[in-house]
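First, one chain by itself in structure tokens, the form predicted alone.
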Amino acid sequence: MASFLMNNCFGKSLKNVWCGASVYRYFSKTATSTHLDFDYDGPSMKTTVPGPHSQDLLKQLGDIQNVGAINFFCNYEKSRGNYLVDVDDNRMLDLYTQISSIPIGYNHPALLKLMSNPNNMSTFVNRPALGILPPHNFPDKITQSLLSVAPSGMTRVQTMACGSCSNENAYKAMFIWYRNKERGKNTPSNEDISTCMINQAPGCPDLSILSFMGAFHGRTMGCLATTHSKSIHKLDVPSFDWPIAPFPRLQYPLEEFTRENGQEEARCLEEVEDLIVKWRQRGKPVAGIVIEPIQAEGGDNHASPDFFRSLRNIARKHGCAFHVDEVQTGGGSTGKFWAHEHWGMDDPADIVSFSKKLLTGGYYHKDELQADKPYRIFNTWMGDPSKNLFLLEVLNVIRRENLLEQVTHSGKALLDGLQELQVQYPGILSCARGQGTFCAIDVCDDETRNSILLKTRDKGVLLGGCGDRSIRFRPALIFKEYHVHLFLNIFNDVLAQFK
């Protein structure tokens, strides 16, 4: 188990040079030049963030809607590669990338070229209702893009617009599949039809989805019932009475806590089975289990491949569909296109949902989870062909430039650097962890974490928080080792202020 992640809480021998007794500047010669033609050569800060122009726009928008979550306003025309530029002309190295949703950087030349091709104009101008009137080339484009990266064992994909509606409709698919399995057919009774119209059983059955504490699956009603990361998401909103299992809380470094972590995962798996049995006895059978390969919003919480393999077997044993939510982890940031590939399974899931780095939303599924009638899984747009066109080109860039291999190299450099920094600042940082560039590190407390995020931003690096006190790193796939060391230099300067 100790080898499944390249992470531990104590650094290895220092591979870079630490200079200056009082400043402890992280120095690397690799941070002297960039290798992306459309990238900037480094951060450039002219004001604190948000700057004057951003503050004026905040006041303007504040008269229209709630702006409490807005960090600053952006100039996307000037943003390039790994750098986000704001309206005050501050240029920041972006390791957050619109909550992990920018696959190959800002204004990538390949995507700009795609936009300028007149043959694509109709796709951008006309947004069809895909469920009833798809364009003539839609089957080919789906085959070339989404099906070309389909998870193992899956040949069907249902497109959607975003992560929440992807998961919401995946839940519906699991419920429909489960009820058809119970009936032994896909023809509902007259009682089913009449009672569903007044929200009563058997037409609206008392079924449930098992989820995990710390999970985040979206903000629509069904998804929110399976989301348990922050109270602000759920407060004042009615929810379903569905089972919530504990997600393993591993101790680091992994190799020093093999026995304890094994016991923790066994405890959580036992609780999963107990909950499935209890909910069946309560008359609310578990139709499906939903889980993230890495709990992202909830704090970058990891579990071993053995844990997920065992969970998959539990789902089979109890007749539950197994739904892997790859909305944040999918698209290559862990070094594999799908994070669940790290589990080494031929049959990893019944449903795999996606969005963010894949630019469109949706879910892959086994044949038996295909909707049995029209309009059961449906909305007006059901995705957007223009986003699928962009995705096809993104996949071409990933393959042509070997970006998954680059992510693995950059991720190792990032994690090594974080491990060294936590040795340098043991009272501030701990538990560096990650796969590929999908990394995180814990800070001593929430207040210090938030202060570090702001100070780092004012020095030209954009980061994000997650969980109670973690910093998450979500750079684009074009993030190189050069950018890693550029970040580490700046991050170290900020940390030195807290020592």
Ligand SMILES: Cc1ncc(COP(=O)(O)O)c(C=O)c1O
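As the structure is a computational prediction, the values presented were derived from the model and not from experiment. For every residue, the number given is its place in the sequence shown, counted from 1.
There is also a form predicted together with the named molecule; it is not shown, and the following applies to it.
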| property | result |
| --- | --- |
| Residue (of 302, 365, 356, 340) lying close to the named molecule in the predicted complex, criterion heavy atoms within 4.5 Å | 356 |
| Option touching the named molecule, based on a heavy atom within 4.5 Å in the predicted complex, out of 105, 214, 383, 218 | 218 |
| Complete contact of 145, 150 and 360 with the named molecule in the predicted complex (any heavy atom, 4.5 Å) | no |
| 4.5 angstroms heavy atom contact with the named molecule in the predicted complex for residue 163 | yes |
| Partner proximity in the predicted complex: residue 350 to the named molecule, non-hydrogen atom cutoff 4.5 Å | no |
| is_contact(residue 86, the named molecule) in the predicted complex, heavy atom dist at most 4.5 Å | no |
| Contact flag, residue 292 vs the named molecule in the predicted complex, heavy atom cut 4.5 Å | yes |
| Partner-facing stretch of 164-172, 413-421, 125-133, 263-271, counted where any non-hydrogen atom is within 4.5 angstroms of the named molecule in the predicted complex | 164-172 |
| Stretch 313-330: residues contacting the named molecule in the predicted complex, 4.5 Å heavy atom cut-off | 325, 327, 328 |
